[in-house]
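First comes one chain, alone, set out as C-alpha cells in the form predicted on its own.
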Amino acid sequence: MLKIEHLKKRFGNQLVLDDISLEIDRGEVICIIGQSGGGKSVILKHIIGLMIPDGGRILIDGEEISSPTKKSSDFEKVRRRLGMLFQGAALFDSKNVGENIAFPLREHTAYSDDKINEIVAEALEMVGLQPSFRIKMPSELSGGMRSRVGLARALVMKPEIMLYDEPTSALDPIMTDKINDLILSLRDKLKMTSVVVTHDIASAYKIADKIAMIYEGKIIFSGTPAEIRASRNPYIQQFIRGQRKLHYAVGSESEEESALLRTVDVGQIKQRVTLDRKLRRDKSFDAASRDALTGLMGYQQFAAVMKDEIERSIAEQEPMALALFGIDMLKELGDRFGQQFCETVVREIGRKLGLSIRGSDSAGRFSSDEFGLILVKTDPALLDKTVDRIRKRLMEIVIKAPSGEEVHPVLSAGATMCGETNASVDVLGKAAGQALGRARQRGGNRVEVAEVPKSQQ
C-alpha cells in the first residue's frame, strides 16, 4: 500500500536520509526505531508532505505522491488519506478539546455544526475519553490525555494511513501501555495502516508487525520483532539491550520498576560491545534457525543466545533467569478439536509471548508444547511474580474451536536464576525443566521456581 523508494534528504552538508526504502502493507503496523536525531521523524514528514525529498519517491497504492518534482501543494488531495499524531500532540493551547478535534473538519469539510459535533463525540469515544472532556483546555490534560486528543483530531478525517511521531514519549509505563493498546485497537477496528516512529523498543515489540531500524541515514534492519531480537548485529543488540525503560507489557509494579531502572555504567556498555562483536564473528543466524510456526527462535538458536547471556551475566555481574512455559493438556485439546487447532494454539501463544516481553529478553520454542524465555536484569526476589504475570498474559488468549466453543489455553511455568554454580545451558535448562515438571505434577496452572544448585550437576 505505502512504498518508499530510495528516499534521500540533505540539510546543508548533512545527509539525513541516504537511500531509504520501505514497503508497508495495508493494515500493517511498522515501527521505525533508532537514535534521536537519526532521521525517523524526517521520514514521516516526507510521507505527509511537509518535506520534499532530494531523491527517490513515495507511492500509495502505486500512485506517486512525493518526489523531487512534486510541490507541497500537490499533497492537498492525498493528505486526507493520512493522519498524524505529532510528538506531544501539538494541540492548540487556545482551543478546548472539542475545538481542537473539530479543527480539521471545519478547515476541510462543509459539514454542519451538528454533524461536526457528532463526529467529535465518536472520535472521543474511539480514544476512550468521556464527552465531558470536550470542554477541557489542553493545559488541564496529562501527557497521555493530550496524546489521545491529538489522536482523536487525526481520526475525524478517517485516514487510511496513520503516522505516529513518538506517541509514548515522556509517558509513564502504564500510560505507555494504554497508548500502545489504543494503536492496536484502531488497527483491528479500522484496518488502519500505521507507521510509528519510536525509540522505545518495548513498545515496538508490543505493537509492530514489522520493525525498521535507521542508523546514519540508512535502514540497517527490517523484519519482525522476533527477527530483530535474534539479530547478531552489535549495534542493534546494544540499542535493544541498552534501553533503560525495561517494564513489561503485562503490567508494572513499583518494586520491579525500581529494581530494573539502573544507572548506565559506561564501562559495562564498552564490555558488551566487545562481546557482541565477538559473538557476531562466531555466529550467524538466519530465518532457517527460527521456528516456522511461531517465528520465535528454534532450540539451537535459543541455546546459543542463552550461552551468550550466561557469559554476559557473569562478566557484568547482572542477574539472568530462564523460564519455561508449557501448555497444559495440549494433547487433550488435539484429541477434541484436531491437530490444526493445536497448531493455532501454539502459534497464538508464541505470538503473544513475543509481544509480552521486554526488548532485552529473548523467547524461543523448545518443543511441541513448551516455550523458553531468557530474562535479563531480573531481581531474583521478583522472579516468581514476573514469570506469573507473563504466564497470565499468555492465558488471556481466546481461540474459537471448530465447534464454535471458545477455548482459553492454560499454561504452567518453571523458572530458575543463573548463578556461578549453574552457569551452563544444560544445567540451567534442566533446573527450569524440573520446576516446570513440578508445576504440572501439582495440577498445572501455576509457577514453580527452582533454587540455584549448590554445586554443578
Partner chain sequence: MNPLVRLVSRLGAEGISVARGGGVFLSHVCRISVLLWQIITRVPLVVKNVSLSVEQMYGIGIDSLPLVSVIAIFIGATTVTQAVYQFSGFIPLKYLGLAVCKTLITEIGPVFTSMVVAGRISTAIAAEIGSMKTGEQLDAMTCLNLDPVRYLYVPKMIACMTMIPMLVIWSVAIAFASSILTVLFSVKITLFVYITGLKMLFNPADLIIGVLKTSVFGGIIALTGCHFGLETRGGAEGVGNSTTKAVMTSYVLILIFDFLIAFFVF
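Everything numeric in this text was worked out from a predicted model, so none of it was measured. Residue numbers count along the first chain shown, from 1.
The form predicted in complex with its partner chain is left out here; the points below concern that form.
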- Item | Exercise: R80 in contact with its partner chain in the predicted complex, heavy atom 4.5 Å | yes
- Task: Could you confirm whether E118 comes within 4.5 Å of its partner chain in the predicted complex, counting heavy atoms only?
- Result: no
- its partner chain contact at L91 in the predicted complex, heavy atom, 4.5 Å: yes
- Query: Applying a 4.5 Å heavy atom distance criterion, does F86 contact its partner chain in the predicted complex?
  - Reply: yes
- Every residue in K352, R389 and R440 with a non-hydrogen atom within 4.5 Å of its partner chain in the predicted complex? no
- Of the residues K430, R57, R393, K45, which one places a heavy atom within 4.5 Å of its partner chain in the predicted complex? K45
- Exactly one of I397, V410, L50, V425 has a non-hydrogen atom within 4.5 Å of its partner chain in the predicted complex; which residue is it? L50
- Message: Looking at heavy atoms inside 4.5 Å, which stretch does its partner chain contact in the predicted complex, given the options 122 to 130, 201 to 209, 72 to 80, 231 to 239?
- Response: 72 to 80
- Task: Residue by residue through 100 to 131, tell me which have a non-hydrogen atom within 4.5 angstroms of its partner chain in the predicted complex.
- Result: F103, P104, E107, H108
